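Below you'll find only one chain, the form predicted on its own, shown as structure tokens.
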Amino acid sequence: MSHNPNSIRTPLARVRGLGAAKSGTGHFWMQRLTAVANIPLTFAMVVIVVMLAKLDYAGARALVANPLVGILLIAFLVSALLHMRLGMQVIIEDYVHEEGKKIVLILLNTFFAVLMGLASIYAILRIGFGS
């Protein structure tokens, strides 16, 4: 491996072979994709919440049981939670410098997003299928 005199890598990084992890592009695009998806989904969510605010309990259950509303709620949850997880991961990676803490926080961030998603989707499906 020849040394490029214009490289900004340190000699230690060259010896260790450290460089880009090659996963940043996918992470970047997933964040952008979920951000774009969140625009119409958030608008739909606001409309649904306004409609829910005007209904009694039975009416609210009937609205959430509507297949289109249920699908929009689930799509919003998946997109928003994925976007949140990715954003928090970037914050953790940028501002937590101790490797052990960083790994624990990234795991907790992922577990939180998955748990919130599963609980929310379960509730929507339960209402949607009339249980």
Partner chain sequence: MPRTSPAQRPLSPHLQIYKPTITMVMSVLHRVTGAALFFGTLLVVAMLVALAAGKDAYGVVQAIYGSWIGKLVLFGYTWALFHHMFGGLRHLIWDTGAMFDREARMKLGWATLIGSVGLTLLVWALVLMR
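These figures come from a predicted structure and were not determined experimentally. Residue numbers count along the first chain shown, from 1.
Omitted from view is the form predicted in complex with its partner chain, to which the following refers.
What is the one choice in Ile103, Met30, Ile91, Leu68 with a heavy atom within 4.5 Å of its partner chain in the predicted bound form?
When its partner chain is considered in the predicted bound form, the option within 4.5 Å is Ile91.
Under a 4.5 Å heavy atom criterion, is Val78 part of the interface with its partner chain in the predicted bound form?
Result no; Val78 lies far from its partner chain in the predicted bound form.
Answer with yes or no whether Val114 is in contact with its partner chain in the predicted bound form, where contact means some heavy atom within 4.5 Å.
Val114: no, not in contact with its partner chain in the predicted bound form.
Is the gap between Val64 and its partner chain in the predicted bound form 4.5 Å or less for some heavy atom pair?
Heavy-atom contact with its partner chain at 4.5 Å: present for Val64.
Val96 versus its partner chain, in the predicted bound form: is there a non-hydrogen atom within 4.5 Å?
Contact with its partner chain, no.
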